[in-house]
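Before any questions on how it binds or moves, here is one chain, the form predicted on its own, in structure tokens.
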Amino acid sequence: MYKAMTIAGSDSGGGAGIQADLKTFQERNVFGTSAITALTAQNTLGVQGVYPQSLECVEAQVDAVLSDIGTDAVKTGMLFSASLIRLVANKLDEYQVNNLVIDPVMIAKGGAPLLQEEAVVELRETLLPLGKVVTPNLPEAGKILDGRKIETIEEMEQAAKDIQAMGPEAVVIKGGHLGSEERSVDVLYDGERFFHYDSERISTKHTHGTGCTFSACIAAELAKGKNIPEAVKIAKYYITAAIRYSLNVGNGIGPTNHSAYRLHSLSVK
């Protein structure tokens, strides 16, 4: 049984955070565990409250899981503060976690901040060097790179290369915020080569949890022994299906459909 762990925030609306991660792990046939870094009160209309857990609480969760069950991959999401990032980095180093996927969650879909400003430096210096794969979207990549604007495929490639130079093995820059109306292109740089993952841009507002789901799928595939380009390829297929068959629940931005890849016969053998 392959195992993957998510260290992230809880989304009471069920579309993002650890809820999205655990659904994705289950769909990709890995056993999912979790450490909750923050509770959020949120729904499809936005985030109404963020309630960080204590460092002691997060540490106890990580120790409980990794000292007994162990894991084949870890995915981090909302870490919120510099002190929490330091704690998580220390724990991952202590347990010698190799397959670390970092989703540098900074801003909620509705605009609420999910990472304190002073934590960005800690993210760069402490956590990124431990990463197997880092998966920023364009605003997140720009923030990691001190406010750089990223508006073309060429600038995505350069951003991926520059973030990879900070220490992670590979970087995927997600192109969902790029200006193209027809195609959605993600760029992977593995330290040697660039890979482009191209899909049709799907017209829907129901995209809550896309980043969490994409990175969780990469973690699941790495846990099963896939190499980085293959893991990202599967994750691209998986999230494209989840968006294409997204769910219209609530009165705002609905979630992606975590079972769409399986239900619509789009799975990769």
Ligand SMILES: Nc1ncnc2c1ncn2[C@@H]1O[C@H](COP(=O)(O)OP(=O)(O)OP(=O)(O)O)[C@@H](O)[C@H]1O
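Quick note: we count residues from 1 along the sequence shown, nothing fancier. Keep in mind the model is a prediction, meaning the values are calculated, not measured.
Keep in mind the form predicted together with the named molecule is missing from the figure; the text below concerns it.
Q: If you check in the predicted bound form, do 25, 34 and 71 all have a non-hydrogen atom within 4.5 Å of the named molecule?
A: No, the whole trio is out of contact, none within 4.5 Å by any heavy atom.
Q: Considering the named molecule in the predicted bound form, which of 207, 44, 61, 53 comes within 4.5 Å of it through any heavy atom?
A: By the 4.5 Å heavy-atom cutoff, the listed residue in contact is 207.
Q: Where, among 198-206, 62-70, 221-229, 25-33, do residues come within 4.5 Å of the named molecule in the predicted bound form by heavy atom distance?
A: Result of the contact check: 198-206.
Q: Closest heavy atom of residue 137 to the named molecule in the predicted bound form, within 4.5 Å or not?
A: Yes - in the predicted bound form, heavy atoms of residue 137 and the named molecule come within 4.5 Å of each other.
Q: Do residue 212 and the named molecule come within 4.5 Å of each other in the predicted bound form, heavy atoms counted?
A: It does: once the named molecule is placed as it appears in the predicted bound form, residue 212 has a heavy atom within 4.5 Å of it.
Q: Whether residue 126 contacts the named molecule in the predicted bound form should be assessed with a 4.5 Å heavy atom distance threshold; does it?
A: Outside the cut-off, so no.
Q: Does any heavy atom of residue 176 come within 4.5 Å of a heavy atom of the named molecule in the predicted bound form?
A: Output for residue 176 is yes: heavy atoms within 4.5 Å of the named molecule.
Q: Using a 4.5 Å cut-off on any heavy atom, which residues of 54-83 would contact the named molecule in the predicted bound form?
A: Heavy-atom contacts to the named molecule in the predicted bound form: nothing from 54-83.
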